[in-house]
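Here you get one chain, nothing else, as structure tokens; it is the form predicted alone.
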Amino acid sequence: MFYIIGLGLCDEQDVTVRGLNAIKNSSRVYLEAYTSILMVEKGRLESFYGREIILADRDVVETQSDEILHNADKEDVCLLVVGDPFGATTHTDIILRARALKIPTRVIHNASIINAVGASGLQLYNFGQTVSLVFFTETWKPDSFYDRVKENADLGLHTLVLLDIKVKEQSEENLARGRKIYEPPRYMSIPQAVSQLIEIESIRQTGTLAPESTLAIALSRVGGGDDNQRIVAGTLAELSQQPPEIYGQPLHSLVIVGKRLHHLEVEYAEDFAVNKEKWREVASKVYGCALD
């Protein structure tokens, strides 16, 4: 049996009982280590699970899946995934590869940012399409995400923006020369994300991401408890002006608030606002939310 097991959002204790049993009964345990990260080191997982863990980077998961799936039709093998297994298309692909090889598969779900974003106070059924925001370079500034955000905004829906991470990436020079030298890991921060959003708004100029009148909620380490989790709300302009340390450690995510904003959402998120009066003012005057 080939298992894909969601680990949840925080640490080794977030695994489900069903997932833990599958891990303990597996002959090989892989940890997918590039679409997201946990808040603990691999050693803590190994100690808690009682199993050696093999790190699987992008090359292994995407181009060497046969290595992971080897003998999975005869013994239990599992791939551990931060969050929920279906949070990335990579995991759908490896399941399809297993099925093509007639290997039985089983998915064990867990919490992910897709549902844990409700910690912001925004109601999950008011969310539209989720988008990803990648690191801009001097020569590459993809803006296709803007169209998805605008589609959501036109319907009054919130947009969850997943921020880029770079793990085991090669520089253009090392890639061209075939040198297996990797850059240090990078995780996009809220200030950088907001800066990129505002930059694209200045080009598109539809008002979808107008800095002074667009509400947003920044989240980091959701599910990590009071010591780790941070939630900060405000306009895009306000979020861009905050010191980086206010957002805490990565991973960071950002929600662009939609106009179909309920007064309970405003009141809940108000506790996280940089400026509560400004938060309520924009919600009322720009978003048309009826507040007492």
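Don't overthink the numbering: it's just position in the shown sequence, from 1. No experiment lies behind these values; they were computed from the predicted model shown.
From this point on, the text means the form predicted together with a further copy of the same chain, which you will not see here.
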| property | result |
| --- | --- |
| 4.5 Å heavy atom contact, G223 to a further copy of the same chain in the predicted complex | yes |
| In the predicted complex, F86 touching a further copy of the same chain (heavy atom, 4.5 Å) | yes |
| Partner contact for E267 in the predicted complex: a further copy of the same chain, 4.5 angstroms, heavy atom | yes |
| Partner proximity in the predicted complex: H109 to a further copy of the same chain, non-hydrogen atom cutoff 4.5 Å | yes |
| Segment assignment from 207-215, 191-199, 126-134, 67-75: heavy atom within 4.5 Å of a further copy of the same chain in the predicted complex | 126-134 |
| Contacting member of K42, R58, R28, R260, with respect to a further copy of the same chain in the predicted complex [4.5 Å, heavy atom] | R260 |
| Triplet T92, R148 and F272 all within 4.5 Å of a further copy of the same chain in the predicted complex via a heavy atom | yes |
| Within 4.5 Å of a further copy of the same chain in the predicted complex: residues from 95-121 (heavy atom criterion) | I95, L96, R99, R106, H109, N110, A111, S112, I114, N115, A116, G118, A119 |
